[in-house]
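The chain below stands alone and is given in C-alpha coordinates; this is the form predicted alone.
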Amino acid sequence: MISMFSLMLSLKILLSAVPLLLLSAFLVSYAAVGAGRTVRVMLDFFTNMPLIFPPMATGFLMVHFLGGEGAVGRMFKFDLMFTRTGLVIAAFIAGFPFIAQCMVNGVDAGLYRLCEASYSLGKGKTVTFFRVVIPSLKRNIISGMLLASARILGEVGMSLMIGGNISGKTNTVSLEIYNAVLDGNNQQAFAFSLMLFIFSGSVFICIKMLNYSESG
(Lines give C-alpha, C1' and ligand atoms only; values in the text may rest on other atoms or scores of the structure.)
Protein backbone atom coordinates (compact mmCIF):
# COMPACT_ATOMS: atom_id res chain seq x y z
CA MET A 1 0.00 0.00 0.00
CA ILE A 2 1.48 3.36 -1.09
CA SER A 3 1.95 5.92 1.67
CA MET A 4 -0.14 8.86 0.50
CA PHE A 5 1.34 11.03 3.24
CA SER A 6 4.85 10.72 1.78
CA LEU A 7 3.57 11.43 -1.71
CA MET A 8 1.60 14.52 -0.66
CA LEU A 9 4.47 15.78 1.52
CA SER A 10 6.90 15.56 -1.40
CA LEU A 11 4.48 17.38 -3.69
CA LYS A 12 3.93 20.15 -1.11
CA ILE A 13 7.68 20.57 -0.65
CA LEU A 14 8.13 20.70 -4.42
CA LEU A 15 5.42 23.33 -4.85
CA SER A 16 6.88 25.39 -1.99
CA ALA A 17 10.35 25.28 -3.53
CA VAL A 18 9.18 26.30 -7.03
CA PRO A 19 8.78 30.06 -6.28
CA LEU A 20 12.23 30.12 -4.66
CA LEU A 21 13.74 28.38 -7.67
CA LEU A 22 12.08 30.75 -10.11
CA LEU A 23 13.32 33.74 -8.13
CA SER A 24 16.84 32.31 -8.09
CA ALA A 25 16.63 31.70 -11.84
CA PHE A 26 15.77 35.34 -12.47
CA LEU A 27 18.54 36.57 -10.15
CA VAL A 28 21.18 34.30 -11.69
CA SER A 29 20.26 35.20 -15.26
CA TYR A 30 20.15 38.91 -14.33
CA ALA A 31 23.65 38.65 -12.85
CA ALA A 32 24.96 36.66 -15.82
CA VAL A 33 23.91 39.17 -18.49
CA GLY A 34 26.88 41.43 -19.14
CA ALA A 35 28.85 39.86 -16.28
CA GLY A 36 32.61 39.92 -16.36
CA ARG A 37 34.86 36.91 -15.98
CA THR A 38 35.09 37.17 -12.20
CA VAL A 39 31.32 37.22 -11.77
CA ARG A 40 30.89 34.28 -14.16
CA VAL A 41 33.47 32.27 -12.20
CA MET A 42 31.61 33.04 -8.96
CA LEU A 43 28.30 32.04 -10.56
CA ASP A 44 29.85 28.79 -11.77
CA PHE A 45 31.18 28.11 -8.28
CA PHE A 46 27.86 28.63 -6.50
CA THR A 47 25.83 26.81 -9.14
CA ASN A 48 28.11 23.77 -9.26
CA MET A 49 29.10 23.45 -5.60
CA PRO A 50 25.83 21.76 -4.48
CA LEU A 51 26.43 19.13 -7.18
CA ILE A 52 30.01 18.45 -6.10
CA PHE A 53 29.62 18.69 -2.32
CA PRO A 54 28.05 15.52 -0.81
CA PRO A 55 24.36 16.00 0.13
CA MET A 56 24.90 14.36 3.51
CA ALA A 57 27.64 16.86 4.31
CA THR A 58 25.42 19.70 3.14
CA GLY A 59 22.71 18.40 5.43
CA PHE A 60 25.14 18.34 8.33
CA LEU A 61 26.05 22.00 7.70
CA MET A 62 22.33 22.85 7.57
CA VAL A 63 21.86 21.23 10.98
CA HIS A 64 24.98 23.00 12.31
CA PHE A 65 23.79 26.44 11.18
CA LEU A 66 19.98 26.22 11.03
CA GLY A 67 19.24 23.91 13.95
CA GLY A 68 18.16 25.27 17.30
CA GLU A 69 21.71 24.92 18.62
CA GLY A 70 23.28 26.11 15.39
CA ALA A 71 24.91 29.49 14.85
CA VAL A 72 22.07 31.05 12.86
CA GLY A 73 19.38 29.25 14.86
CA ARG A 74 20.65 30.65 18.17
CA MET A 75 21.06 34.13 16.73
CA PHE A 76 17.52 34.40 15.33
CA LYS A 77 15.81 32.07 17.84
CA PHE A 78 14.49 29.41 15.44
CA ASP A 79 14.99 25.72 14.83
CA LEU A 80 14.47 24.18 11.38
CA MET A 81 15.28 20.65 12.51
CA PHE A 82 12.49 18.15 11.79
CA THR A 83 10.33 20.79 10.08
CA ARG A 84 8.77 21.15 6.64
CA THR A 85 10.55 24.50 6.25
CA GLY A 86 13.87 22.73 6.64
CA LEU A 87 12.84 20.22 3.97
CA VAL A 88 11.89 23.06 1.60
CA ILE A 89 15.31 24.66 2.07
CA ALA A 90 16.95 21.29 1.39
CA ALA A 91 14.80 20.94 -1.73
CA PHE A 92 15.82 24.40 -2.92
CA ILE A 93 19.52 23.64 -2.45
CA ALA A 94 19.12 20.35 -4.31
CA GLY A 95 17.27 21.91 -7.25
CA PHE A 96 19.15 25.20 -7.51
CA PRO A 97 22.19 23.98 -9.51
CA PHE A 98 20.01 22.57 -12.28
CA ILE A 99 17.92 25.65 -12.96
CA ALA A 100 20.88 27.99 -12.39
CA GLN A 101 23.07 26.13 -14.88
CA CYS A 102 20.30 26.19 -17.48
CA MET A 103 19.98 29.95 -17.05
CA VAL A 104 23.73 30.68 -17.15
CA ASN A 105 24.21 28.45 -20.19
CA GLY A 106 21.41 30.30 -21.96
CA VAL A 107 23.17 33.64 -21.66
CA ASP A 108 25.22 33.46 -24.89
CA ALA A 109 26.65 35.92 -27.41
CA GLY A 110 23.34 36.14 -29.26
CA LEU A 111 21.54 37.26 -26.13
CA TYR A 112 24.26 39.83 -25.45
CA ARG A 113 23.63 41.34 -28.89
CA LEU A 114 19.88 41.53 -28.25
CA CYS A 115 20.52 43.27 -24.93
CA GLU A 116 22.90 45.74 -26.56
CA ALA A 117 20.26 46.51 -29.18
CA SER A 118 17.73 47.14 -26.41
CA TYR A 119 20.16 49.42 -24.58
CA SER A 120 20.81 51.36 -27.79
CA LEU A 121 17.07 52.01 -28.01
CA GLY A 122 17.16 53.65 -24.60
CA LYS A 123 15.81 50.75 -22.56
CA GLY A 124 17.26 50.22 -19.09
CA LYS A 125 18.66 46.96 -17.73
CA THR A 126 15.50 46.06 -15.82
CA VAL A 127 13.20 46.62 -18.81
CA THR A 128 15.63 44.75 -21.07
CA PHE A 129 15.76 41.89 -18.58
CA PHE A 130 11.99 41.34 -18.51
CA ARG A 131 11.30 42.10 -22.18
CA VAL A 132 14.35 40.52 -23.81
CA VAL A 133 16.23 38.19 -21.45
CA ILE A 134 13.32 36.32 -19.84
CA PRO A 135 11.47 35.62 -23.14
CA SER A 136 14.76 34.47 -24.70
CA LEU A 137 15.42 32.12 -21.78
CA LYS A 138 11.91 30.68 -21.64
CA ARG A 139 13.02 27.20 -22.70
CA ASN A 140 15.92 27.31 -20.27
CA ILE A 141 13.55 28.18 -17.44
CA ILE A 142 11.23 25.29 -18.30
CA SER A 143 14.09 22.80 -18.71
CA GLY A 144 15.70 23.95 -15.48
CA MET A 145 12.46 23.67 -13.54
CA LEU A 146 11.85 20.15 -14.85
CA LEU A 147 15.35 19.00 -13.94
CA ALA A 148 15.17 20.68 -10.53
CA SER A 149 11.80 19.06 -9.82
CA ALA A 150 13.15 15.60 -10.62
CA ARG A 151 16.15 16.20 -8.39
CA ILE A 152 13.98 17.46 -5.53
CA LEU A 153 11.76 14.37 -5.59
CA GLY A 154 14.87 12.18 -5.45
CA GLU A 155 16.63 14.10 -2.66
CA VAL A 156 17.70 11.95 0.31
CA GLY A 157 20.87 13.10 2.09
CA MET A 158 19.92 16.63 3.13
CA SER A 159 16.31 15.65 3.86
CA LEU A 160 17.48 12.84 6.11
CA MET A 161 19.79 15.11 8.10
CA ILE A 162 17.51 18.14 8.52
CA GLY A 163 14.17 16.31 8.54
CA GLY A 164 15.10 13.22 10.49
CA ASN A 165 12.90 10.85 8.44
CA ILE A 166 10.10 10.98 11.02
CA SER A 167 7.17 8.82 9.96
CA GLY A 168 4.05 10.87 9.40
CA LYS A 169 5.97 14.14 9.58
CA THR A 170 9.12 14.35 7.44
CA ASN A 171 9.26 11.07 5.50
CA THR A 172 9.35 12.12 1.84
CA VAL A 173 8.90 9.77 -1.13
CA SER A 174 12.61 9.02 -1.47
CA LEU A 175 12.98 8.42 2.26
CA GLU A 176 9.91 6.22 2.18
CA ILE A 177 11.63 3.98 -0.39
CA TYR A 178 14.49 3.62 2.07
CA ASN A 179 12.06 2.89 4.92
CA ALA A 180 10.15 0.35 2.86
CA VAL A 181 13.33 -1.56 2.00
CA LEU A 182 14.36 -1.64 5.68
CA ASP A 183 10.89 -2.95 6.59
CA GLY A 184 11.05 -5.59 3.88
CA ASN A 185 8.12 -3.97 2.05
CA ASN A 186 9.55 -4.36 -1.44
CA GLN A 187 6.15 -3.85 -3.04
CA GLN A 188 5.88 -0.28 -1.72
CA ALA A 189 9.54 0.43 -2.51
CA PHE A 190 8.96 -0.77 -6.08
CA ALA A 191 5.78 1.31 -6.44
CA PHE A 192 7.49 4.53 -5.35
CA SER A 193 10.57 3.75 -7.44
CA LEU A 194 8.37 3.17 -10.49
CA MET A 195 6.61 6.51 -9.93
CA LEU A 196 9.92 8.35 -9.75
CA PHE A 197 11.18 6.50 -12.82
CA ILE A 198 8.10 7.51 -14.82
CA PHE A 199 8.43 11.12 -13.66
CA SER A 200 12.15 11.23 -14.51
CA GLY A 201 11.48 9.67 -17.91
CA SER A 202 8.77 12.24 -18.57
CA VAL A 203 11.20 15.02 -17.68
CA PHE A 204 13.73 13.63 -20.15
CA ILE A 205 11.14 13.42 -22.93
CA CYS A 206 9.86 16.96 -22.27
CA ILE A 207 13.38 18.41 -22.39
CA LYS A 208 14.11 16.56 -25.63
CA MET A 209 10.90 17.91 -27.14
CA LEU A 210 11.87 21.44 -26.09
CA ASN A 211 15.28 21.01 -27.73
CA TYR A 212 13.73 19.66 -30.94
CA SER A 213 11.23 22.49 -31.12
CA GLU A 214 14.03 25.03 -30.61
CA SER A 215 16.25 23.51 -33.31
CA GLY A 216 13.26 23.21 -35.65
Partner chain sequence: MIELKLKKNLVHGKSVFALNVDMSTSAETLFLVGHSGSGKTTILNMIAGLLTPDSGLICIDNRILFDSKLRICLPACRRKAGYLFQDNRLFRHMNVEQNISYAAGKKDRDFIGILIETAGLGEIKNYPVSKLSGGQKQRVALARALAVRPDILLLDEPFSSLDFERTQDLIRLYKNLRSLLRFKSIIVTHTVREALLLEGDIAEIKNGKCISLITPEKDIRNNIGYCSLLRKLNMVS
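The shown structure was predicted, so the numbers you read here are calculated from the model rather than taken from an experiment. Positions refer to the first chain, counted from 1.
Omitted here: the form predicted in complex with the partner chain. The next part is about that form.
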Check: So in the predicted bound form, does any heavy atom of residue 78 sit within 4.5 Å of the partner chain?
Finding: no
Checklist line | the partner chain contact at residue 142 in the predicted bound form, heavy atom, 4.5 Å | finding: no
Notebook entry, point to check: Is there any non-hydrogen atom of residue 82 lying within 4.5 Å of the partner chain in the predicted bound form?
Noted result: no
Notebook entry, point to check: Does the 4.5 Å heavy atom contact test between residue 128 and the partner chain in the predicted bound form come out positive?
Noted result: yes
Next item on the list: Decide yes or no: are 61, 68 and 74 jointly within 4.5 Å of the partner chain in the predicted bound form, with each residue judged by its heavy atoms?
Entry: no
Item checked: Listed residue that, although the partner chain is not shown, lies within 4.5 Å of it in the predicted bound form (heavy atoms), from 88, 104, 146, 132 -> 132
Note to self: Going through 119-134, which residues have a heavy atom within 4.5 Å of the partner chain in the predicted bound form? Please give them in sequence order.
What the structure shows: 119, 120, 121, 122, 123, 124, 127, 128, 131, 132
